[in-house]
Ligand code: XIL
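The chain below stands alone and is given as C-alpha cells, in the form predicted alone.
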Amino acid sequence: MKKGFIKVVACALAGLFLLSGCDSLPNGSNGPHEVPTTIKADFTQKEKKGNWITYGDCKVETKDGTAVITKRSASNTGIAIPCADYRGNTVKAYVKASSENDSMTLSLKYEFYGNVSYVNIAAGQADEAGITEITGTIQIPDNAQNAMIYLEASDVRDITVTAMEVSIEGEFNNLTGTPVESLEDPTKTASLAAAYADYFKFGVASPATVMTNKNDSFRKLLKTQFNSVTPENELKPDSVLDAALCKNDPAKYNEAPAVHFEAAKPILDYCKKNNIPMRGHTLVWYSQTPSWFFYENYNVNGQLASRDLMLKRMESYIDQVMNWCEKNYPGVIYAWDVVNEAAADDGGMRDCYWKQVIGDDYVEKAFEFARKHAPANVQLFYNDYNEYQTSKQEDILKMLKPVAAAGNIDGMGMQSHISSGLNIDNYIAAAKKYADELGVKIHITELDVTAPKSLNPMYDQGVYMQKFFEAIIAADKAGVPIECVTVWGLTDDMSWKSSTKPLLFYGNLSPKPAYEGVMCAINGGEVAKPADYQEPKTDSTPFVEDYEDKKFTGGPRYSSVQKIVEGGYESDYCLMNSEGYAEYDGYSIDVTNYVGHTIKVTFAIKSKAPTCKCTADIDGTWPTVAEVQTGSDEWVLGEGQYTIEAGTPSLTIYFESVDMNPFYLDNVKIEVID
C-alpha cells in the first residue's frame, strides 16, 4: 500500500515560539508549554520562520505570499508544517494549491523511537478554475514524535501553494510535558512464527528504520515473532530508480534506467545476517513509480515514451532489480510481487501510465520478463486489495489467466486490509478460487484488521482474529495452499492506518487481544475478556438529524469531509459531504445499538452524481440499504430497510455518491421496525 517519503526529515523548528522542537529523548520531555491551536504557514516568511519547511528533494520559492514548489524529484516531495506538539490530538489539515498534477494529497509523517510512519489524510483534484482545496482530519498517535503534515502529488510537476494550515479539532490534549510510552521487552512474548510453523510462514512488513534504529527493541520483536519480512517502501520503484542519473544523462539510460539500492540495503543486510527470508515488494506498480520514468528522455514536459521503449525499460528494470538482489543477497528473496494493484475498483484494469504507454497486456509482459530473468526458486506473485470482493476477483482472474496459461505466475497475493465486518467464509472461498482457477499458491500479504467501533474494540478485534485464523488453518488443512501470512506493520503506532489500531501489538510492543486471538486459533482457548468489559446494549430510540442546530452525530468514512451548509430540504441547513479518495468516502453513522433488529432508513439527498446510495459497511459485500437517482441537483427522497444480524459486534451505514461528486443530506431518520 501507499506510504510516504522515505528520507527522514530532521526536526527543524526547535525553540520557535509557535512550534515545538524534537524530543530530547525518545521517552523524555521538554516540559509542558503553551501551544497554539492553529499553525498557519506564512509564505511571506522564509521556511522555519514561516512555520513551514521544504519536504524532500525539491525547491521552494516564496513570492507574493505563495510558495512555488519546483524541481520535485519524486511525487511525494513538497512542503510540510511541523506539528510535534499536536501528538495525541485529532487535527484538521487544510491546503489550497494549484498544479498540473492530476491530484494532490495531504499526509501525516511521524516518528516513534526512530521509526518512521506515514498516513494519508485526504486527497483532492482541481476544480474548474484549476484550484485544489483539500481538508481532512487525522488522529496523531499519543506516542508520535516530530509529527508533520505535508503536501504531495500524483506527479512531479510544479505546485503553487497559496494557503496551508493545521489546527486542533475539539478540546486540546496537551501532551508536551508527557513522556512517550516506554517499550516492553518483546522477547517475553511467545512466537507467532513458531506457533504456526507447521502451516505457513508468519511474516511482517517493516521499514528499514527498524534495522538502523539505535533501539534494538523493534528488531527483537521482529526476530522473536516473524520468519518472513516484506520491506514497506525500500524496494518500490520510487526508492530504486536513480532520478539524478536518468535525468542527467537520458541518452545513456534511455533503455536501461539507472537504479540504486541504498534504501533497501539495511533491510537486506539484516535479513541475510539473521537468515530471514524476504518477499520482494514490488516491481511494477501504478503508484510510487515516478512519472518521469514513462516519458521520452525522462522529461515530464515532453512526450510519453513509445510502447517499444517502455517495454525495454520495464524488462531492464525487472532484470536489474531481481538479479542485483540475488547477486548481492543470494537466496534472501524467495518471492516477488511482480505486479501490484492493476485491477480497478470500478471494474476492468486500472487506468495508469503502464496501461497508457504499453497497453492492456502490460501485466502479461511484466510476468513474462520476470519469469525470463527470475533467479531459480524465486516465486512470482500478483498482489491486490479488495481481492476477495466478487466483482474485482472476476476482473483479476480474467487478467491473470493468460499469465497462468503461459506458466509465468506462481502465486496470488491477497493484501487483506479488512475490518471485522468481512465475511470470513467468503474470504476463504475467494482464496480457494484463486488457487483452483489459476493453479497458484496463496500468500496473505498485507493483513491488518480495523478495530470495530464497539464498546470493547480491542476484545472484539481479538475474537474476530481468532475466527479469521481458525478459518485459515482449516482452509490450509483442506488443501488451500496458503504458504505465508504477513501482517502489514509491527505495531499499531507504526501502521499506515494507526488510528484504526489494526495490528497485533500495541505501540509499546506488548501483545494485544488481537495477538491473543491469533494464538488461541492455533493453541485453543478463548480471548480473555478485559476487566472493564461492557455488555453490548441495544436501544430502539430513533436516530434523527435535520442539521438545524448546525451539528451532526456521524462522521467521515475514510478521508471524506462533512460540514453544515445553507439550503436544506424544507429547512435552513443540511450536511454537505465532499472530498476523499473514492466514491465510498462518505458520511458514516454508527448503528450498533440496533443490532438484532431491522431498521428503516429515510433521508433527503441531492447531488450532481447520477446515483447516491446508503450502504451497510460490511467488507466484501457492502450491501445497499437504499439507492436513489440524483443528478438534477434537486432534492430526492430515499428509503430502505436492513436487518442487522444478532451477534454483530458493530456496524455503521454510510451515504455515498457514485462518482465522488459532493452530496447534500438532510432529514436523516433511522428507526427500528422489527
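In this text, residue numbers run from 1 along the sequence as written. In this text, the rigid core denotes the largest set of C-alpha atoms whose superposition between the two forms falls within 1.5 Å. From a predicted model like this one, the values you see are computed outputs, not experimental measurements.
Quick note: we don't show the form predicted together with the named molecule, though the next part is all about it.
S.K.: Is the named molecule close enough to 253, 315 and 354 in the predicted bound form that each of the three has a heavy atom within 4.5 Å of it?
M.R.: No: no residue has a heavy atom within 4.5 Å of the partner.
S.K.: Using heavy atoms only and a 4.5 Å cut-off, determine which of 232, 85, 111, 387 is in contact with the named molecule in the predicted bound form.
M.R.: Going through each option in turn, the one that passes is 232.
S.K.: Identify, from the list 288, 454, 213, 559, the residue with a heavy atom within 4.5 Å of the named molecule in the predicted bound form.
M.R.: Here the answer is residue option 288.
S.K.: Would you check, heavy atoms only and a 4.5 Å threshold, whether residue 369 touches the named molecule in the predicted bound form?
M.R.: Flag for residue 369 set to no.
S.K.: Could you tell me if residue 281 has a non-hydrogen atom within 4.5 Å of the named molecule in the predicted bound form?
M.R.: So residue 281 counts as contacting the named molecule.
S.K.: Residue 585 versus the named molecule, in the predicted bound form: is there a non-hydrogen atom within 4.5 Å?
M.R.: Answer no; every heavy atom of residue 585 is more than 4.5 Å from the named molecule in the predicted bound form.
S.K.: Please run the contact check for residue 146 against the named molecule in the predicted bound form: heavy atoms, 4.5 angstroms, yes or no?
M.R.: Contact with the named molecule, no.
S.K.: Within 4.5 angstroms, counting heavy atoms, which one of the listed stretches 413 to 421, 125 to 133, 587 to 595, 471 to 479 is next to the named molecule in the predicted bound form?
M.R.: The contacting stretch here is 413 to 421.
S.K.: For a quick check, can you give me the residues of 116 to 152 that have a heavy atom within 4.5 Å of the named molecule in the predicted bound form?
M.R.: Just 118.
S.K.: With both forms fit on the core, has residue 121 moved 2 Å or more by CA between this form and the one not shown?
M.R.: It does, since the residue 121 C-alpha is displaced 2 Å or more between this form and the one not shown after the core fit.
S.K.: State yes or no: after fitting on the rigid core, is the Cα displacement of residue 76 between this form and the one not shown at least 2 Å?
M.R.: Yes, its C-alpha moves 2 Å or more.
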